[in-house]
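This document starts with one chain, in the form predicted on its own, laid out as structure tokens.
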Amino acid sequence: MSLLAFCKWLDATAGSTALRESLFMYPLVESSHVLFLMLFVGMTVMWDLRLLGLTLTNVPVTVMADRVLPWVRAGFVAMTVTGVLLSYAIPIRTYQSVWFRAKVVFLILAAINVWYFHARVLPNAANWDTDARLPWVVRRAGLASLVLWAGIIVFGRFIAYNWFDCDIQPQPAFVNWFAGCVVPPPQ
């Protein structure tokens, strides 16, 4: 079964239809997604600005981690759950969205950045924990996080618009390929 076929099957399920056609539930899930995004990104920006040495330079990084990262994790979990529900409500449109695909690429890059930082960089925090200007590898992780999350937010917002929907043809071949559009050959 292809991913598009799976999305078509998912789109036909009662839960997907009910969520998509609900008068209140879809807007509630979408609003919750934005609110949890604000929690997650707000805390992440504070953390990244500390890593860049632009704010709270008198607070040790490990203390900042203890205070901020639990909120980051909670916001991420809730934001992910609501994001999955949004995709579940409109799986075909989400799957075929150029913006969703770009968002997924940025999410993967952000996950790699988080993994690398927490697995390789943060364990050495004792060496630079209280420095006002942190090592380049730390600042690079903070900068990458800010750039990637800004992209994720922009791409996520663009998902709502149909500039490159598969239903709108003709489109450039690259857009059809990237969006996974199934375009019948010209007659």
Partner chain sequence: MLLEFFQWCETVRLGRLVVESLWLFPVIEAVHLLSLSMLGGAVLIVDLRMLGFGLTDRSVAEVFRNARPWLIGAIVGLIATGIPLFLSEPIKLYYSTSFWVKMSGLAIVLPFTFFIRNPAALSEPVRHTARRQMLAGALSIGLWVTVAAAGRWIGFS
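Positions refer to the first chain, counted from 1. If you're wondering where the values come from, they're calculated on a predicted model, not measured in any experiment.
Omitted here: the form predicted in complex with the partner chain. The next part is about that form.
Engineer: Using a 4.5 Å heavy atom cut-off, state whether W128 contacts the partner chain in the predicted complex.
Structural biologist: Output for W128 is no: heavy atoms all beyond 4.5 Å of the partner chain.
Engineer: Answer for V137 alone: is it within 4.5 Å of the partner chain in the predicted complex, judged on heavy atom distances?
Structural biologist: No.
Engineer: Is L143 close enough to the partner chain in the predicted complex to count, meaning some heavy atom within 4.5 Å?
Structural biologist: It does not: once the partner chain is placed as it appears in the predicted complex, L143 has no heavy atom within 4.5 Å of it.
Engineer: Although the partner chain is absent from this view, report whether R157 comes within 4.5 Å of it in the predicted complex, heavy atoms only.
Structural biologist: Answer yes; at least one heavy atom of R157 falls within 4.5 Å of the partner chain in the predicted complex.
Engineer: Heavy atom within 4.5 Å of the partner chain in the predicted complex: which residues of 45-63 qualify?
Structural biologist: The stretch touches the partner through V45, M46, L49, L54, T55, L56, T57, N58, V59, P60, V63.
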